[in-house]
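Just one chain follows, in the form predicted on its own, and it is written as structure tokens.
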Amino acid sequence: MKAYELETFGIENLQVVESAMPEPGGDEVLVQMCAASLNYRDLMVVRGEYNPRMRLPAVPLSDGAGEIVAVGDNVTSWKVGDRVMPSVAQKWLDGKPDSSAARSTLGGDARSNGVLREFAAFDACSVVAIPEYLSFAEAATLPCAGLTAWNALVESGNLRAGETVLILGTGGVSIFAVQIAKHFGARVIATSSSDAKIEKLKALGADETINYRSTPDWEQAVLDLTDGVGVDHVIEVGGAGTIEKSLASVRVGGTVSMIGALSGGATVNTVPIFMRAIRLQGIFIGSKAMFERMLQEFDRARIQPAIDRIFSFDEAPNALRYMETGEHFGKIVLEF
């Protein structure tokens, strides 16, 4: 089979290799991968920024979807032909995350090779069924970005109708957060540096939008839109470069969900966190049980993933370079 391997860091070093076809163990399923999607984490992995000491060579990418083509002798829960997605944190089935869950994430190390390959074997307990209404390409967007947004707002955030959610940017997690927040009856304030993307945010259902390039003090604009109170939830994907503005945008007792670190380092004034009883919650993807709850709700509501652009398997390096530009709105997908 064909697989992409990273022997040394850098997009230019991501090469297609001929690899042995995996055989499923007794408790495993063999999946023919049909699609994958990109997360910013994947770009960081390939560039050597995620873990400079990770074991190489490694197969990158955490998010994929495919069809079961063989099952192990002990597997009774799946059959050949079933459409599935592997959970990103393979050993986080339910409950709270632990170190084992953190070490089992796909696509971050040679010990847990990712999905940028034609076939892969997974533990039968670590895959979930694809809702019938979704294509392989659409399903491939969900395991990390969709579940992270769901965890932040629903599982950890306990989102309620009528609450206000501030969403930063237009990457995969942010766009899913818009869709999930609107589905649950929340008011959405969304930011972008692009007027064209702002129009897309409005079309997706954002109630208020702010261009943070033309309005650098966007936290004040958020306060103005909430009568000085602040929002109930912030989906914080920028990291140190935006966290102080996010803390200034949230209400007393509100929640800031830390998801990414897209911007550079900065010192952070922590006084507002305790002075205003702000809940600063780190979000680590989600468990398989969370994933299945999310998929049930997506299926019921027919929530449609926003795909910006589809590349072929052979164009994987170009897809990563496209992600580097930051021009995408929603998800970048590879079809095999």
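Heads up: residue numbers just count along the shown sequence, starting at 1. As the structure is a computational prediction, the values presented were derived from the model and not from experiment.
A second form of this protein, the form predicted together with a small molecule, is not displayed here; the remarks below concern that form.
By the criterion of a heavy atom within 4.5 Å, Thr141 is excluded from the residues contacting the small molecule in the predicted complex. Looking at Ala316, you'd find every heavy atom of it more than 4.5 angstroms from the small molecule in the predicted complex. In the predicted complex, at least one heavy atom of Ile283 sits within 4.5 Å of the small molecule.
Although the partner is absent from this view, Val173 contacts the small molecule in the predicted complex, with a non-hydrogen atom inside 4.5 angstroms. Shown without its partner, this chain lists Thr148, Thr164, Thr255, Ser249 as candidates; in the predicted complex, only Thr148 has a non-hydrogen atom within 4.5 angstroms of the small molecule.
Shown without its partner, this chain lists Phe184, Phe136, Phe119, Tyr212 as candidates; in the predicted complex, only Tyr212 has a non-hydrogen atom within 4.5 angstroms of the small molecule. No member of the trio Gly64, Val127 and Lys288 reaches the small molecule in the predicted complex with any non-hydrogen atom inside 4.5 Å. Considering the small molecule in the predicted complex, the lone stretch of 192 to 200, 78 to 86, 119 to 127, 96 to 104 in range is 192 to 200 [heavy atom distance within 4.5 Å].
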